[in-house]
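What follows is a single chain, given as structure tokens, in the form predicted alone.
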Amino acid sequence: MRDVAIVSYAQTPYVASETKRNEVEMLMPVLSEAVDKSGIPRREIGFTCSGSTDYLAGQSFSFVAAVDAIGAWPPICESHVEMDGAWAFYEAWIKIQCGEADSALVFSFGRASMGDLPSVLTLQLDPYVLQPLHPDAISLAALQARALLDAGLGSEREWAEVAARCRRDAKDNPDALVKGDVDVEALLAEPNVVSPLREHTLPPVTDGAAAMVIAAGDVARKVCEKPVWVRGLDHRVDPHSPGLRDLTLAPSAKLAGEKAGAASKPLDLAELHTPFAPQEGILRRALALGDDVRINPSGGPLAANPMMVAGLARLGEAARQLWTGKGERALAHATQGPCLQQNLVCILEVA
């Protein structure tokens, strides 16, 4: 296996609605910043991979237009995944492992404010049985939360405490959307959106973009003073239909964590892609994260959840924590699909 490291990361300040710039205009400064910070000339980056979804843009092959943000020259070797940018990161990592590139630019973008995101996400469900019933993403998450309550594996107070902690931690993140001190009792007094979920347990609709450069060992050591090394990386998937699995568990996350080596050494922090507050407890148990592991010090998806970017942002935010000396070993997690259906786990370290 080749050593691979994150050598740079950049993201937009996340906003509730990006009304002044299109996707290309959002991406251009972010891509330039990531490349400039990497120390690798643009012409020497061997591979480019993006993650996004055409459903948010409402047009086919919308990712092709986004490639304009990279520039017309030099020519690039480019790929795209109809997934969160964390899976673009995985493809780029594989490309380097296969020796087809020594460095890669990874980016993702999403403007969820352009449509009704919960309804858009319904389109990823089984088209024969579930889609006609039109269970939106919030309703499915509410079923998961109810299953947790019934099993005694969570409480509404616990979820409010998670939301309050995330907003408090997000005060130190200049790019976060929802931040500040909030009283748990005030959160519990909010009305239900879909029982038992209240507004604070839901991800804020967010627009944004992110980019990072990763590089093989020798290149990373040459250009970066403090490379963040990928020590383990794996992703797994559970059955597509929520009715075929126990929603209080995340077996694919558990397996991905085991394969990535999450338990091989102590962790200092974990950036978890938990769009809904009740999901933090599920992932804590699945990944065997103790109370000594700081969860989502960036504020996490409850502070900013740009669709198709939030998973890549967990990798980037974890790297930021390690670059600034707030730990030596971190776990970054990304998810796709309803109710934590598909999960990616990456273990990051600084030497």
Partner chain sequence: MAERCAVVGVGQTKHDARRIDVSQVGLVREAAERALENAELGWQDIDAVVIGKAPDLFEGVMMPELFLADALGGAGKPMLRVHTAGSVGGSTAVVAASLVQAGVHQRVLTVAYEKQSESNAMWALSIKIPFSQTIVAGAGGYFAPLIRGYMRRSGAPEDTGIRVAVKDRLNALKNPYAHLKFPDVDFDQVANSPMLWDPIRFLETCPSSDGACALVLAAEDAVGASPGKPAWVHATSMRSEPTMFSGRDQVNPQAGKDAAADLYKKAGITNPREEIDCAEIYVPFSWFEPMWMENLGFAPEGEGWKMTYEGATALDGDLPVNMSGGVLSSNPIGASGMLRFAEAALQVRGEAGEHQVDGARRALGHAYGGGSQYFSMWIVGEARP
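Numbering follows the first chain given and starts at 1. Please read all numbers here as calculations on a predicted model, not as lab measurements.
Although it is not shown, the form predicted together with the partner chain is what the next lines describe.
Check: Which residue among Pro41, Gly325, Gly58, Gly290 has a heavy atom within 4.5 angstroms of the partner chain in the predicted bound form?
Finding: By the 4.5 Å heavy-atom cutoff, the listed residue in contact is Gly58.
Next item on the list: Counting non-hydrogen atoms within 4.5 angstroms of the partner chain in the predicted bound form, say which of Ala151, Ala189, Leu133, Cys98 makes the cut.
Entry: Here the answer is residue option Cys98.
Note to self: Would all three of Met83, Leu125 and His240 be in contact with the partner chain in the predicted bound form, where contact means some heavy atom lies within 4.5 Å?
What the structure shows: Yes, because Met83, Leu125 and His240 each have a heavy atom that approaches the partner chain to within 4.5 Å in the predicted bound form.
Notebook entry, point to check: Is there a heavy atom of Ala310 no more than 4.5 Å from a heavy atom of the partner chain in the predicted bound form?
Noted result: Residue-level check for Ala310: no, no contact with the partner chain.
Next item on the list: Using a 4.5 Å heavy atom cut-off, state whether Arg236 contacts the partner chain in the predicted bound form.
Entry: Answer yes; at least one heavy atom of Arg236 falls within 4.5 Å of the partner chain in the predicted bound form.
Next item on the list: Tell me, yes or no, whether Ser139 is in contact with the partner chain in the predicted bound form, where a contact means a heavy atom of each within 4.5 Å.
Entry: No, no contact at 4.5 Å.
Next item on the list: Please run the contact check for Gln336 against the partner chain in the predicted bound form: heavy atoms, 4.5 angstroms, yes or no?
Entry: Although the partner chain is absent here, Gln336 would touch it in the predicted bound form, with heavy atoms inside 4.5 Å.
Item checked: Contact stretch among 32-40, 281-289, 46-54, 315-323 - heavy atom within 4.5 Å of the partner chain in the predicted bound form -> The contacting stretch is 46-54.
Check: Looking at the partner chain in the predicted bound form, which residues in 61-79 have at least one heavy atom within 4.5 Å of it?
Finding: Sequence-ordered list: Phe61, Phe63, Val64, Val67, Asp68, Ala72, Trp73, Pro75, Ile76, Cys77, Glu78, Ser79.
Note to self: I want to verify one pair: Ser38 and Pro74. Are their C-alpha atoms nearer or more distant in the predicted bound form compared with the form I supplied, knowing the change is 3 Å or more?
What the structure shows: Residues separate in the predicted bound form, at least 3 Å farther apart.
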